[in-house]
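Here you get one chain, nothing else, as structure tokens; it is the form predicted alone.
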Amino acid sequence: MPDFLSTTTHLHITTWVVALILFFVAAGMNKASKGRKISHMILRLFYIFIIISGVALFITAMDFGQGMLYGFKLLFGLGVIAFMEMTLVRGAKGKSTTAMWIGFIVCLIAVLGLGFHLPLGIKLF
């Protein structure tokens, strides 16, 4: 039986990769299309999967002695989800999304940087 940490990590990575793909697909679609609305609803389901698996990893990560950095990663991860949602909603309403895209990119870079740096992440640096 695979261990909880490995399984949860793979689930978490898979869900956020699929969510990012769905986000970019939905953002690239026509604002009034039915496909965009369907993609957005599926993306919201993936937000839930990301949050549940992320909180499970956060609780597990408290054993590594770097709780504050994992807390920042959790907050930036929630920021990524919030900016993804606000970008799609504001875009559908025809409002400016420039600030939402900037916030999304900043939070995504912060989450990936922390994810690659912390003990549970892949060591790229």
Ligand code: HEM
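Values in this document were obtained by computation on a predicted structure and should not be read as measured data. One rule holds for the numbers: they count along the sequence shown, beginning at 1.
What comes next is about the form predicted in complex with the ligand, which is not displayed.
Among residues of the shown chain, residue 80 is one whose heavy atoms approach the ligand to within 4.5 Å in the model of the complex. For residue 50, a non-hydrogen atom is located within 4.5 Å of the ligand in the model of the complex, even though that partner is not displayed.
Although the partner is absent here, residue 23 sits far enough away that none of its heavy atoms falls within 4.5 Å of the ligand in the model of the complex.
Although the partner is absent here, residue 100 lies well away from the ligand in the model of the complex, with no heavy atom inside 4.5 Å. Within 4.5 angstroms of the ligand in the model of the complex, the stretch 56-75 places a non-hydrogen atom from each of 57, 58, 70, 73, 74, taken in sequence order.
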